[in-house]
Structure formats: C-alpha cells, structure tokens
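Just the one chain here, laid out as structure tokens, in the form predicted alone.
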C-alpha cells in the first residue's frame, strides 16, 4: 500500500489527534494512532480509552487498508520536515516506510485489529451549538477545574443545556467559574453532565473561533462532538456535581468597581513578594481606596494603593492572588465589579455589563 499526502494537509489534524495520546501507556498500542486508508482520504484515530478523536485527511491511497503507527514519532517527523514537503508512506509486511525528498524513515507497526475502540450507547439527546460559542464557554471556565482531586466529580466541567440556554460550570472547591450563553435549544431540553478535565482541554484546543455548527450527541455515559471531518468522543464522569447555585452569593452588600487591567497589573506586581506556597494577598478596602499587601517568610513586603469606585464599609480580606489573576485573565470588559459581604465571605467577580460570566473566589486567612 502506498499513501501520498502533503505535509501542510496532514500535520494539523495529526497534531490534534496526537494530543489524545498519553505519554505513558499501560497498553503499547495506545501509543499509536489508527490509520484507515480509503481511495481519496485517510482517517486518523487516537484514544486513551476515555476519550477518542477521529479526523479525515485528504490523501491519495493505492488501496484500502488499516494499520497503526507510533503517534508522537510520526508527528515529530512531519513537524521536522520542510514546509511544502510531499510525504510518501509505503506499508509492507510489519514495517512502514515514510519518504520525503531524500529523507527516509522506517517505523514499526502494530495490528489494526488490536486497536481498541470506545463503543458508546445510542444517542438519547442531540443538539447543535455554534463552534465559537462552545469555545468561549470553555475558555471562560476551564481554569477552575480541579486536577487529581479525590472528589473525582470536580476533575471535570459541568455542561448544562436548558431551553434557550447552555451553561458550563467548573470548580475546585476554592473557586468557581460559570459561563452561560443564550442559544436556540428545544423546549424539552434538560441536560446536566460532567465532562472529564482532559476531554475539556482537548476540546478547547480543537475548537476554532468560527460560526460552524457543532453537533453534540449525548448518551447515558458518553458525549460526542461532530465538527466537519472531526469526531470527538468522551466518556462522562458518573457523579453528582455540587449545587453550585448555593455557592454564588445572592447579593453583595459592598461592591467595588475598578479598571480590570489596572488591578491585574497591581496584583501581578504584588504577587512577586507573596508567599510562594500559599500565594496570599491582602485587600484593605475603604471608601475610594484599595490597598493590596503581600509578604513572605523572608520578611519581604509589597504594597499597592489603587483608586477605586467604592463607598461601602471598611473590609480586610485575603485571597489567593493566582485565583484572582486567572479570573482577570479571562474577563473581557474594561471594568470589573467585585462584590463582598464581609471578611469571611466569598467574593463574586463579574465584568461590568457582562452578566453571562460569574466567578466566585473563597477568602483565605493570612
């Protein structure tokens, strides 16, 4: 079998599917990608048994067939070849030979018949969301997902679809990010599922800022995203997501309004001398003035004073500065609103005139 493909055509989808492949595998074949050759295209498939990505690439194939090749080695070879290269892949016996110009690479293969496939149950709910809407929802919230938390249901993102609205929520128990968008969904839509962390991150890389429709198919234990020639499939986390509505403050007695970039730069400067382990920073708030203070075990201190729009009571409260910087990094408005009740209550951060995104950050003792 001989396959002819262009480097610029093959490399982007190859990089996408290789992102699914784990560097350390219990099964050697999971380090490979499955390649199915047809007359005018090849289909690339990668899986880690939890998520699976399949994409189709234009190519000239001398015959139909299937085989597997080492994912990262194939990707690294393609990346290292010059732009505009033509790739010729020849398959014979148990070896694959890749030629381009005067370069030649011989790669080992494993049988396509041994490649595992995720078999989802039939789709029970199907709906469509614009690609850029889905990408924005993930960008606005994915930073707040937990990582390797014993509360396994936090190691992912809650996807909710209701009539006229789609909402995503992420929390690690110390902070919460919520983003929602009005979309045209059927009146009987009522979905609430948890998508694993790795799937969310890979999906965020896959999606573009385009108006193309993404078809979402949901079954009892899987979610599938269909986008042009690419299909992304993930298992769902079987668990109960916390009641996030209870975490979001219903009202804030004190609100300060401040320029987002001014606050971000001041926090970044003060954080240089914060405790490297706890990243604590103190807010001392009084009418029209916000003082930021940080210190560390070496007795070094940083202090910033900012003019703010604030007329509430005096408050001293501590936060993890990294959590605040994460929020300010994804908000898009010039002005941000920080709602506070007292020194022991969580802060609610929103963009001025931007109701779709809400962020909650718990205080910390300093």
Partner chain sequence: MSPVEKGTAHVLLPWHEAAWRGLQEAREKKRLPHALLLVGPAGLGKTHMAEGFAQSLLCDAPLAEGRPCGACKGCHLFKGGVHPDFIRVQPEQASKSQEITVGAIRELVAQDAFTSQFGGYKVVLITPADQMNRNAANSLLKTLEEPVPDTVILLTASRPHRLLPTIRSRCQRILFDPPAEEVALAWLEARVKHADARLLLHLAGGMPLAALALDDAALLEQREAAFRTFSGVLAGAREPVGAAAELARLDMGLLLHWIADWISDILRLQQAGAVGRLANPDHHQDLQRLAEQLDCIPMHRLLERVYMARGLERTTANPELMLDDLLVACREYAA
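Residue numbers count along the first chain shown, from 1. All figures in this text were calculated on a predicted structure; none of them were measured in a lab. Throughout, rigid core stands for the largest set of C-alpha atoms superposing within 1.5 Å between the two forms.
The discussion below concerns the form predicted together with its partner chain, not included here.
- Of the residues given (132, 264, 235, 279), 235 alone sits with a heavy atom within 4.5 Å of its partner chain in the predicted bound form.
- Though its partner chain is absent from this view, in the predicted bound form it lies within 4.5 Å of a heavy atom of just one residue from 192, 220, 229, 245, which is 220.
- By the criterion of a heavy atom within 4.5 Å, residue 143 is excluded from the residues contacting its partner chain in the predicted bound form.
- The closest heavy atom approach of residue 116 to its partner chain in the predicted bound form falls within 4.5 Å.
- Put simply, residue 127 is far from its partner chain in the predicted bound form: not one heavy atom of it is within 4.5 Å.
- Although the partner is absent from this view, residue 50 contacts its partner chain in the predicted bound form, with a non-hydrogen atom inside 4.5 angstroms.
- Between 73-81, 220-228, 207-215, 255-263, the stretch whose residues reach within 4.5 angstroms of its partner chain in the predicted bound form through a non-hydrogen atom is 220-228.
- Looking at 1-40, the residues that come within 4.5 Å of its partner chain in the predicted bound form, counting any heavy atom, are 24, 27, 29.
- Once the rigid core is used as the reference frame, the Cα position of residue 236 differs between the shown form and the other one by less than 2 Å.
- Residue 113 is among the residues whose C-alpha shifts by 2 Å or more between the shown form and the other one once the rigid core is aligned.
- Residue 47 is not among the residues whose C-alpha shifts by 2 Å or more between the shown form and the other one once the rigid core is aligned; its shift stays under 2 Å.
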